[in-house]
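Single chain ahead, written as structure tokens, the form predicted alone.
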């Protein structure tokens, strides 16, 4: 039950960060939650204490009975709790990364060694998992930046290889490019940890803390310096906040599709591919695609009539 609630909370936080203010809740789900809560209260009640009964005028709803909560009732999330100390270690000041002279390949190899041997990065990676650095062409015109590795990424040691990464690869293909022709990275070099039982695998993800983002940001700056892309695409709210500042916007919708600046580079802010996986409508796909059309135009890429018409409602 704890695992399911953790995953649910993580998803609600991510939805809230994208500007979603309400979610649909079925009557059956509400009834099921009430039964679980009632069972937990009964189990925790002392033997001498009898359960309180409800007035006859307020019968307990059944799974098939109407509930007073509207199907699209707004969710009012509580303030995000401070991550447990066992989950987030106190981090030192962000590292100072000064790249050595040399060509791009030499400098990237040096940076990779610095990241993989960084004691703070290593201390925040679970046993058997990997630190993650960006991949792709060091001569790329376009750099895609996400927030942090997930379950698949920390296993393979490569960013965007899970379901969201596979969708990103298809999006890049729609632009007329191959994954190997762009550069893909995250601000974070490790997967933000959540409490798990001994020997168990982490279920779900949590957003990185501002302290975690600040610690890893110098490594991303170094990657930008090496690749020297024409522009950057920030994928999702957390990545945008990591690049532009936590107070730069309240909801992603405020700045999505508008050019920003980071490290002297134009930044296009758009939704994370996971947003499309959760909202697979033509409208959602079109919003992201319009952002990518702007990226293609600014990068001087040819755009066909077919590409301009992707995901338009017929």
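Residue numbers count along the first chain shown, from 1. The shown structure was predicted, so the numbers you read here are calculated from the model rather than taken from an experiment.
The next section is about a form of this same protein that is not shown, the form predicted in complex with uracil.
- In the model of the complex, at least one heavy atom of residue 272 sits within 4.5 Å of a heavy atom of uracil.
- The closest non-hydrogen atom of residue 237 lies beyond 4.5 Å of uracil in the model of the complex.
- Taking non-hydrogen atoms only, residue 190 never approaches uracil to within 4.5 angstroms in the model of the complex.
- Uracil in the model of the complex is not approached by residue 144, whose heavy atoms all lie more than 4.5 angstroms from it.
- Figure note: of the listed segments 103 to 111, 154 to 162, 226 to 234, 169 to 177, the one touching uracil in the model of the complex, with heavy atoms no more than 4.5 Å away, is 154 to 162.
- Residue in contact with uracil in the model of the complex (any heavy atom within 4.5 Å), chosen from 243, 182, 115, 148: 148.
- Interface residues of 209 to 242, taken as those with a heavy atom within 4.5 Å of uracil in the model of the complex (partner not displayed), are absent.
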